[in-house]
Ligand SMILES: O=c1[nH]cnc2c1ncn2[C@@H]1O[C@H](CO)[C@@H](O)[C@H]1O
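This document opens with one chain alone, in structure tokens, the form predicted on its own.
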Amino acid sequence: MTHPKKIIIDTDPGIDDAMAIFLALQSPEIEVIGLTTIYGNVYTTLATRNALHLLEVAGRTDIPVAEGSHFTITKGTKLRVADFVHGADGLGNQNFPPANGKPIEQSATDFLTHQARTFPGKITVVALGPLTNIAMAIQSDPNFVQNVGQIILLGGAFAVNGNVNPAAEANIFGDPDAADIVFTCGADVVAIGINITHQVILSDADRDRLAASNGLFSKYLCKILECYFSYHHDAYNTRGVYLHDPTTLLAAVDPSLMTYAEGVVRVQTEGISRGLTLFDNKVKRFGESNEWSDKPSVKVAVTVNAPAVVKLVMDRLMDS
């Protein structure tokens, strides 16, 4: 029997982060050994509070939470926080009481590097927010890239419009310099962009099915989803929500749900297209050296079995 894959979830909870965390805890293929927190949907302090709260709801306070960076890799303090998507509290404006637990003493960077060192080649980092913590781990420990098994990240738009502006997807836009460090570090990196996640939709009918379920997680999620559905209706004129984070998590659970292309990704770090991900699919051999030349390849998801992803999400969240 194969052992479950050891997972660290780097997260900015976040309504779809909550779904992904619950989904991870319901997936026997993986073992969540820790959460690290980052700004994105909320500021880092609130992300930590929400991560502790979600683990308490799940009855998994044994899982450590390590608090991440409060600023970008270039020490920027002007952060983009999407509280208008997830509510001021990040969890649908439900104002849940704080959890009893506390984050561990280790920072997210130290936790990531320590776990990768302790279990070389065995750790998969699933990064659901801006990539600051991961880039800091790469910079702080020269062996992290060799030690970490895989980095699966939600980020990039890859030939579709972004969701912050036409150029940029939110997580990459949140810290483009960190994203470029991660994409070019040489680790086994898998990128799940919104070209994929915008195909994976939880419909109104799916939400009704969740509401009719007696599962712990489905009942909780129905409380917080209203805010997320309302945002999607206003922003996209759609009766459903995109399952960004659960889809990315499922790339760790079952990689066969997607197909991938290999090539080099660079990130635009300034100007009008700041946060743009540019993928060299290696179809053409360019005559001149360029900013993609001699950089390590990553995998970028190019197709997804969306019905299978939604079914897996629904089955596991209702069976709790």
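Remember, it's a predicted structure, so these values are computed and weren't measured experimentally. Numbering starts at 1 and follows the sequence shown.
We do not show the form predicted together with the ligand, though everything after this point is about it.
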query	finding
Selected contact from Arg80, His233, Lys122, His114, since only one has a non-hydrogen atom within 4.5 angstroms of the ligand in the predicted complex	Arg80
Check all three, Phe84, Ala170 and Tyr228, heavy atom within 4.5 Å of the ligand in the predicted complex	yes
Contact label in the predicted complex: Ala135 to the ligand, heavy atom within 4.5 Å	no
Close approach of Asn163 to the ligand in the predicted complex, 4.5 Å, heavy atom	yes
4.5 angstroms heavy atom contact with the ligand in the predicted complex for Leu154	yes
Partner proximity in the predicted complex: Leu128 to the ligand, non-hydrogen atom cutoff 4.5 Å	yes
Which of 101 to 109, 241 to 249, 136 to 144, 204 to 212 lines the interface with the ligand in the predicted complex (heavy atom within 4.5 Å)	241 to 249
Residues within stretch 173 to 196 having a non-hydrogen atom within 4.5 Å of the ligand in the predicted complex	Ile194
